[in-house]
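Take a look at this single chain in structure tokens; it is the form predicted alone.
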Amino acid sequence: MKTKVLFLSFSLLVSMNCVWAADEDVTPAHLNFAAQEVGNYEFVHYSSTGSNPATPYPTENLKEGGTVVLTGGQVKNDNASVAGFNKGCHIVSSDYGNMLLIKGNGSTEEPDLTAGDALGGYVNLNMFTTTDFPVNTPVRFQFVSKVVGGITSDYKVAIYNFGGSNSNIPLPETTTYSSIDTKWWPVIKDLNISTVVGDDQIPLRIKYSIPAAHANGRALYIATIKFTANPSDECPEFSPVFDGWDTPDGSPATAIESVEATHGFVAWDSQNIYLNEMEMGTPVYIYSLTGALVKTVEVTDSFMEVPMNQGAYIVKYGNKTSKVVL
């Protein structure tokens, strides 16, 4: 009888490891920004001192849809650290869908951890997958981001097992954005999770590292975090001269954008229109849908917040036009 029970358990385990369809999206719900509602986003759930969370992180603190733990620099293990950082986190819409915007300390909604530190040190976002994340199954990871505002050090991403052991790293530390990058930067990798087994290995932990002082005066957009089980095509390899994507989804620039292109892009939430990386001095015209000019803004910074009443608008700058709905 005992043998039969063990055999049944093994059969169930095998079947559980084989249920993932080809190209199945297994991204934790909390990290699926395209599916979130526009507005303030409680992105971080907990905080912990040091570079990494407790090893392994207490399972009772894990959220069903994915958990994010803030660590590093002057971050404290308290509710104030979480609330302060979350104040700058918004789901915004764009011409390419919804994404996560993390506003730096230079924004009008300053994430205020402590008056003296104000995130002056390094910051790590530790994003845990769910406990039912597939194992012994090929999984592809995609991470697309962009930093608005000058940077001097690299932003990096790595994926560790739940325990954080250096003997099992599905994705070694990889640069996601550097001082020479100007476009959207994708990291697309097939993970080595064939040896990630056991209760202390899953969920996985994405460690996204923001360099020291780089949460000040910058805006960080994370367009995509995606895990795909059983990818059916080859993992893309980028040319050594690859300089990033023109758009956050990798689609090519339109004909009008490729000829005398106007730099920059627009994003928006329920309170603001965000002007990003537009040429200094550029006038931006905001119209109502009836064609009435509502507001004119001169670009004076790489990241600007334009408070607006809720409604639908047409934003024109250079040869680009965006329809926004707040």
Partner chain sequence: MKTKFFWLIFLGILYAGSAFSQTTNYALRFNGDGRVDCGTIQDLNNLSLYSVQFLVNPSEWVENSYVFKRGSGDEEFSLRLGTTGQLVYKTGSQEITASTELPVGEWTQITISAFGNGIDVWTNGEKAWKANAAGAVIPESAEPFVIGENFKGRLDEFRFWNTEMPGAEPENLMFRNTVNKFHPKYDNLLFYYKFDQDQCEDIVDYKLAHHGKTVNVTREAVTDNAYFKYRVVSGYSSFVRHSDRLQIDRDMHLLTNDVIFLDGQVSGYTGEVTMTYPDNQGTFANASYVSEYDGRSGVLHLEGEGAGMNVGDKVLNNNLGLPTLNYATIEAWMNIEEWRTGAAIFNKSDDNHQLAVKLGDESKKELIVEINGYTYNFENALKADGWEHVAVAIVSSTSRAQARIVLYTNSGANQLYATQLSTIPAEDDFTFLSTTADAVIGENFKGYLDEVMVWGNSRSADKVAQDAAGTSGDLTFPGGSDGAIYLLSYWKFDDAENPGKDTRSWKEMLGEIRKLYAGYRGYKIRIGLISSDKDDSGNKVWLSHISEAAWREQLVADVKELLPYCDGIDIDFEWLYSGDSRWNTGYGPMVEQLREAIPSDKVFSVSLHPVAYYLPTEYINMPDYYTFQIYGPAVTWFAYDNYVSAYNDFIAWGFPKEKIGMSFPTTASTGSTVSGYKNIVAANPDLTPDMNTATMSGSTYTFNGVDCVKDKMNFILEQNSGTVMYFDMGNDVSVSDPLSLIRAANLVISANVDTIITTTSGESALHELSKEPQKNTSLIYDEQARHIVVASTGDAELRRVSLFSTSGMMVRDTISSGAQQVMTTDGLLSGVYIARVQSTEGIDVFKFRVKQ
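Since the model is a prediction, treat every value here as computed from it, not as a measurement. Numbering follows the first chain given and starts at 1.
The same protein also has a form predicted together with its partner chain, omitted here; what follows describes it.
- Scanning Phe162, Phe141, Trp185, Tyr221 against its partner chain in the predicted bound form with a 4.5 Å heavy atom cut-off leaves one residue, Trp185.
- Among Thr131, Ser179, Asn136, Asn192, the residue placing a heavy atom within 4.5 Å of its partner chain in the predicted bound form is Ser179.
- Contact annotation for the candidate site: Glu277, Phe303 and Thr321 all lie away from its partner chain in the predicted bound form (no heavy atom within 4.5 Å).
- With its partner chain left out of view, the stretch that reaches within 4.5 Å of it through heavy atoms in the predicted bound form is, among 221-229, 170-178, 203-211, 93-101, 170-178.
- Shown alone here, Pro252 lies farther than 4.5 Å from its partner chain in the predicted bound form, counting heavy atoms only.
- Residue contact check for Pro240: one or more of its heavy atoms lie within 4.5 Å of its partner chain in the predicted bound form.
- Shown here without its partner chain, the chain has Asp154, Lys156 in 137-156 lying with a heavy atom within 4.5 Å of that partner in the predicted bound form.
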